[in-house]
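A single chain comes next, written as structure tokens; it is the form predicted on its own.
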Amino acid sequence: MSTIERLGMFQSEPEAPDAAASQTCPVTALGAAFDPFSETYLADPYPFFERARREEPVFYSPETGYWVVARHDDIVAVFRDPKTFSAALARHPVTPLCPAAAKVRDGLDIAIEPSLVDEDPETHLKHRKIFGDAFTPRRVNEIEPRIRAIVTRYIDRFAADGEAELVSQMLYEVPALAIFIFLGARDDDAVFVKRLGSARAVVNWGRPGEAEQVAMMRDMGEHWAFTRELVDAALENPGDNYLGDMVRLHREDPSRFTVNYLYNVMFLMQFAGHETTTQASANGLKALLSDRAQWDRLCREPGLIPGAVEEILRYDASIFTWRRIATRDAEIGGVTVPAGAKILLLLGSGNRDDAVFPGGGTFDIERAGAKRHLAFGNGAHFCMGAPLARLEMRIILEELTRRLPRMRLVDGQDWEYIPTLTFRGVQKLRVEWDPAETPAS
């Protein structure tokens, strides 16, 4: 018998406002124009974001059924009121599962429960204290040499070629290997999990076809089985890593969290811990190489790289929207939204809000205050993996600027983005350089 709870991506129908509320939602010209799956929007959503901040910073979208929030301070206010704006919606599928996919789902032996990103405030506070406190600077910093060695190894593979497609040849796998080191999993399983992550983003936050949904549900069963084996092995023999730390905490006091909850957290981290960093790194390199002066500046002054990482995260975040659901009638930016309203927070818009980031549409690696960006969320659910993501992005930039300072974008390439409501990342990044100008490793 299936143990699936109808939560997250396994829920057959997403939460929605009640019928009466949806009938009274005002549809404005801006709301009618919001089409987050159009080619124009996917290629460049920022002109629409600017218009929304200027004309109507909170509006209802009949296309998505969401109330959309565009200004930085309004987004922060929503994040910081989790009792009014629940995180329970965070992993619900944008597109309901088709009957065939739902049938596959119902045959799986998976016990999904809310974990960290979609828990109620009180439960989240308890678990965040446990799992967040174990995400120590020591645990993050001690893996820096291993991540640097991985990045160097990948660059070695193409440095003499004079060209590379950086996403497939480096950025796709490096973050997955990094999170596996952190969790204590084997490197050779990283590509398997990475493949599942890419599909999972489309199925959960996009508009997949029926065949994609069915295939993904089957993959989810494989991924859950893998996660259980990983955790069960750690329960028998906890290693000197994050997962081992969590197992030891469970052994000391099993009332802190159940084994099934640990399965769920590891299941979540194996996706959230790498897909977003892949996309953020690709977006950042595109921005840097599109502005030759700033790339050259980083190559000359590597001390600017930590600030450049923050500006990359602000300028073109890999998570450029996130979701909440109103638990009661509430007000956002002077606009009343009804209980049950689905809320879409335009993080990418907030990150370019001129009221917080003057000249927000300009990329500037020396920007003061860039760290106020929303790439990791805000408030109680602020991403606890932020230090690891920053470390990985810093190392990638340090090694690429050192090894390939003459690297440049290949002219005339098309930019492709995955069609999802939430994730934004360039899928191919073709670069070239003169191998004769490449410094020795």
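Bear in mind that the values here come from a model prediction, so they are computed numbers and not experimental data. All residue numbers refer to positions in the sequence shown, first residue = 1.
The form predicted together with a small molecule is left out here; the points below concern that form.
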Complete contact of 124, 319 and 388 with the small molecule in the model of the complex (any heavy atom, 4.5 Å): yes
Among the candidates 33, 42, 384, 410, the residue which, in the model of the complex, approaches the small molecule to within 4.5 Å (heavy atoms): 384
Contact residue in the model of the complex, chosen from 159, 102, 272, 143 - any heavy atom within 4.5 Å of the small molecule: 272
Residue stretch of 273-281, 348-356, 243-251, 212-220 approaching the small molecule in the model of the complex, non-hydrogen atom distance within 4.5 Å: 273-281
Partner proximity in the model of the complex: residue 380 to the small molecule, non-hydrogen atom cutoff 4.5 Å: yes
Contact of residue 128 with the small molecule in the model of the complex (heavy atom, 4.5 Å): yes
In the model of the complex, residue 375 touching the small molecule (heavy atom, 4.5 Å): yes
Exercise: residue 335 in contact with the small molecule in the model of the complex, heavy atom 4.5 Å: no
